[in-house]
Ligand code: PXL
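A single chain comes next, written as C-alpha cells; it is the form predicted alone.
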C-alpha cells in the first residue's frame, strides 16, 4: 500500500494572469510531492502590480463558510494550513475560523501580507493590522517582510535592519504577536547577500539563510518563498533547511528571469522546478 500524501491547504487570491499567489503556490507545492488544496479568497484577471491597469476583481469572502462546511462534511484534514493575501478584516476573521476548525495537529504558516517599501497596500490600514495580528496568534510560523514587521510591532520602518536588529525584532514578533516562530524575509546582512532570518520561541534558536543579492523588483517572489517554506515544513524538514530551500529557489527563479523584459509580470519559476526537486529528500 502506498504511503498517503501529505496535504497542504493554501488560502489566498488567484490572479488569472501574472505569476503570484495561487498560480505559483499550487504548482510549487505539488512539485514538492505535497497534495495542494486551494481556497481562493478572490479572483482577479491579473495581479495588481506594475504593468497592469483596469483589472477585474471578484471577492469570494461569502463563499468561505460554505466551503469550510462542505469540507468538514467530507472529513477532510490537512497537514499544513498556509495563508497569503487576505483582502479585508472580515475575511481575516473567516480564515482564522477556518484554521481553527481544521487546525488540529496542522502546521500553520501565515504570510501577513499588508505592504512593502514602508507603505500599506491599497485598502489596508492600522485596523487591518489588528485583524492580521489576531490571525497570526498561535501560528507555527509567520513570514512578514520588514514593512509588515513595522506594522505588527507598531515601530518605524527599518529597511536596513542588520543582523543585530533582526535578533531584536524576531523575539519581539513571537512575544507580541503570539506566534511560535517568526521569519523575516528580505533580510540583508550585507550589501552582497539577501535572504531570511528566523527565530523559534520555544528553544530560543536563531536561524538564517542567505544567497546572492540580485537587484531589481520581481512580482510574486514572496509568494514563491512562502510556498517553498510551507512545502518543506510539510515534508518534515527543519526550519533552517526549509528557509534555505525557500531562499535558494527564489534566487534561482530570479536568475532565470533577469534580462527578460517580457516577463515583467513575474518570474520564470517553471524552469527552476527541477532545482526544487533536488532540494527535497
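Numbering follows the first chain given and starts at 1. Source: prediction; values computed, not measured.
Note that the form predicted together with this ligand isn't included here; everything after this is about it.
For the residues 44, 247, 28, 34, the 4.5 Å heavy atom test against this ligand in the predicted complex is passed only by 44.
With the partner omitted here, the residue from 113, 187, 209, 177 that has a non-hydrogen atom within 4.5 angstroms of this ligand in the predicted complex is 113. In short, of 232-240, 250-258, 58-66, 219-227 it is 219-227 that has heavy atoms within 4.5 Å of this ligand in the predicted complex. In the predicted complex, this ligand lies farther than 4.5 Å from every heavy atom of residue 40. In the predicted complex, residue 21 approaches this ligand with a heavy atom inside 4.5 Å. Although the partner is absent here, residue 199 is not a contact residue: none of its heavy atoms lies within 4.5 angstroms of this ligand in the predicted complex. In the predicted complex, this ligand sits within 4.5 Å of a heavy atom of residue 15. Annotation for 73-106: the only interface residue with this ligand in the predicted complex is 85 [heavy atom within 4.5 Å].
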